[in-house]
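This text opens with one protein chain seen in two forms, each one given by itself as structure tokens under the names structure 1 and structure 2.
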Structure 1
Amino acid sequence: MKSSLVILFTAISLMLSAQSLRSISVSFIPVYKGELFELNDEVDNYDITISKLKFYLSNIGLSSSDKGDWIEKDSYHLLDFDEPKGMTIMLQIPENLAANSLNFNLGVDSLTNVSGAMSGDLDPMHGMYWAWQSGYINFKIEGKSDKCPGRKNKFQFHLGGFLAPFNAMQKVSLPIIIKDEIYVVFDIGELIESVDVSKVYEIMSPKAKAVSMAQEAASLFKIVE
């Protein structure tokens, strides 16, 4: 009895180690016009404070032009700048994977948007789900600026929507060299300037503006060499 268990155990662990895996981290670093910043502190040299920055990344994968793709299973990650570890994703990839691009979706796919109550990062308790019109908020940024004519100078951009023509999810593909730690910056300053908060300071539902702002956001991710 005992020996058969031992055999079973070694067989399983052998099978597991045959598919040997490598762990890499991908960290996302928001910057404002090239400079690091903190939540709830006025950004140096800019009349602006960011109070919330949260977004979904999904379907993370690595690919190379000649070999196939590797895609993470059940790949949904809520990144939250307010959580210390909230901006780093750990990936378990095949040891010998050769890839030259990192791919992900900024946002949540439409199937998941119509599939009811989810768990983990997709649990609606994280505040990334609209109550009055079903759908995930793919990307949320809030803050204030004196330029902003809204209530208490606040701006709120909640980008989402999964139905055509206002499907806000964006595909992102970045050239990379695989290493243990990958860093990706994205410039929130460029995003805020692209909308001009003195005119547009509130996007709270699926619409054309949400899609164009999501496209802008998706274009800002850059690998740190």
Structure 2
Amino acid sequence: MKSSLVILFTAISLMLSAQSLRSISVSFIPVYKGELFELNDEVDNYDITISKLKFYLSNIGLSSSDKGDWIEKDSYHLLDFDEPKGMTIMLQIPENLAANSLNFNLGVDSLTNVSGAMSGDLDPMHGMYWAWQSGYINFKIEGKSDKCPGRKNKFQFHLGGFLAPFNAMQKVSLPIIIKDEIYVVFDIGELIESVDVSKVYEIMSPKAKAVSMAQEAASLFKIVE
């Protein structure tokens, strides 16, 4: 009888827990000068074409100044601008959660880099992993420009590194109003303007330039109403 009651109370608790959750979507949208940006579009005035844009978001959470933080469990997402469906992340949050900021890491933290957690979006098959010494590529952008002196005018910026002084992961916090759909724009135009591809056109390992470019990229996320 006692075991039956335990099972009953457990089932009721699980039902109540499930009923107390709500789903919200967080969609990431690339823009250039306020307009929707698509891969392989030529960016006017810069003679630049972007062919690849992928990055990791991790530890996605919501916080309130007076009620603490909520963080998604096992929170690792690989966003690939070549796959529009993958640009929306669904979160299951407490029904009555009060929050005024959306938080996430642009990249993969040091602990994950050394923990051997290499499945799902963290699987090396996605082309976002160097080796155990240098870890994950947090942010990858590739393209071409006539101004670029690289082979076939191509540039490649693979931003990563988890060891000091070249830890490229960046923390992002954006003010929000909680609602069912949240939209975050990423201004690819500003990132392009921040790089002179006639002088810098390849980053393929952890270094100071990777960190500074990752910092610039992290500053380009904005909430839109």
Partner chain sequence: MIKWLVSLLGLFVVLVGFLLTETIDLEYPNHFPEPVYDFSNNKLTEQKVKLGKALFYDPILSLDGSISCASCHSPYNAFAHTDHDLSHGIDDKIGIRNAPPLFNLAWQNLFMWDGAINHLDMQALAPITSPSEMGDSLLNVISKLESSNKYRTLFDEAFGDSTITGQRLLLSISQFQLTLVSGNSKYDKIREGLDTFSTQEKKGYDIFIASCSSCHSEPLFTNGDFASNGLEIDSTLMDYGRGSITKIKSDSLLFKIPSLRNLAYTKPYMHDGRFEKLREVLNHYTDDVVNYGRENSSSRLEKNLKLSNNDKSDILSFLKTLNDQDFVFNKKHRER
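Residue 1 is the first residue of structure 1, and the numbers go on in sequence order from there. Since the model is a prediction, treat every value here as computed from it, not as a measurement. Between two forms, the rigid core is defined as the largest C-alpha subset superposing within 1.5 Å.
Comparing the two isolated chains, structure 1 is the one taken from the form predicted together with the partner chain; structure 2 is not. Core-superposed comparison between structure 1 and structure 2: the Cα of residue 175 travels less than 2 Å. Once both forms are overlaid on the rigid core, the distance between the two CA positions of residue 131 between structure 1 and structure 2 is 2 angstroms or more.
Once both forms are fitted on their rigid core, the CA atom of residue 52 lies less than 2 Å apart between structure 1 and structure 2.
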